[in-house]
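Taking the form predicted on its own, here's one chain by itself in structure tokens.
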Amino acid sequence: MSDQLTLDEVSVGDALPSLEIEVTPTTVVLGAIASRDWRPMHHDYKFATERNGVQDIFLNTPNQAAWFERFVTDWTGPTGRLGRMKFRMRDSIFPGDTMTFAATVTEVSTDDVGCGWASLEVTLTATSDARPEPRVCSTCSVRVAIPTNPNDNPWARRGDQWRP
């Protein structure tokens, strides 16, 4: 596969290559800092465990969104452009967890202005030494624009040419 995916390389039912990330306290804290989320449950162990009653600090929502975006755009290449993303968090992700992202293509289409689209269902699971059985932490529905040919660039679309 080249660095840039084109729509003719995508089919309904395709599975994306999975992505595994080892979560550390730094992963959690840097994600909170990057999103300017100063709530202590994302950086203060004592607050998270004693006040919130959870096992450790945990990933915040914008941090998870960024990981979903990375997963999808790693697959599409540099000109893949997210149109929509909707996710539902079901369980927390803690330091010591291994996050695994997996996805399946559920729709491939071209809209009436010629923009190519793929719809994906993404699942984020986590495992750890303490909890070795994979648990579904979040699910995500994504609509991503993919070039229809090597000369197409969804990022160049503006106004009526961009209908996410």
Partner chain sequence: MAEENAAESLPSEVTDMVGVPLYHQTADFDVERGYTYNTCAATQNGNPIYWDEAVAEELTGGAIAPPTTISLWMRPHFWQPGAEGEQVALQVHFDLKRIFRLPEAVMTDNTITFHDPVRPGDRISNQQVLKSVSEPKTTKLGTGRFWVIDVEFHNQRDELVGVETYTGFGYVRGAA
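Residue numbers count along the first chain shown, from 1. Just so you know, these numbers come straight off a predicted model, no measurement behind them.
A second form of this protein, the form predicted together with its partner chain, is not displayed here; the remarks below concern that form.
Undergrad: So in the predicted bound form, does I21 come within 4.5 Å of its partner chain, heavy atom to heavy atom?
TA: Contact with its partner chain, yes.
Undergrad: Using the partner position in the predicted bound form, report whether G31 sits within 4.5 Å of its partner chain, counting heavy atoms only.
TA: G31: contacts its partner chain in the predicted bound form.
Undergrad: Indicate whether E69 is a 4.5 Å heavy atom neighbour of its partner chain in the predicted bound form.
TA: Residue-level check for E69: yes, a contact with its partner chain.
Undergrad: Wondering, does P62 line up within 4.5 Å of its partner chain in the predicted bound form on heavy atoms?
TA: Residue-level check for P62: yes, a contact with its partner chain.
Undergrad: Its partner chain isn't shown here, but in the predicted bound form which of T100, S35, S128, S119 has a heavy atom within 4.5 Å of it?
TA: The option sitting close enough to the partner is S35.
Undergrad: For the stretch 72-86, I need every residue with any heavy atom inside 4.5 Å of its partner chain in the predicted bound form, listed N to C.
TA: Result: T73, P78, T79, R81, L82, G83, R84, M85, K86.
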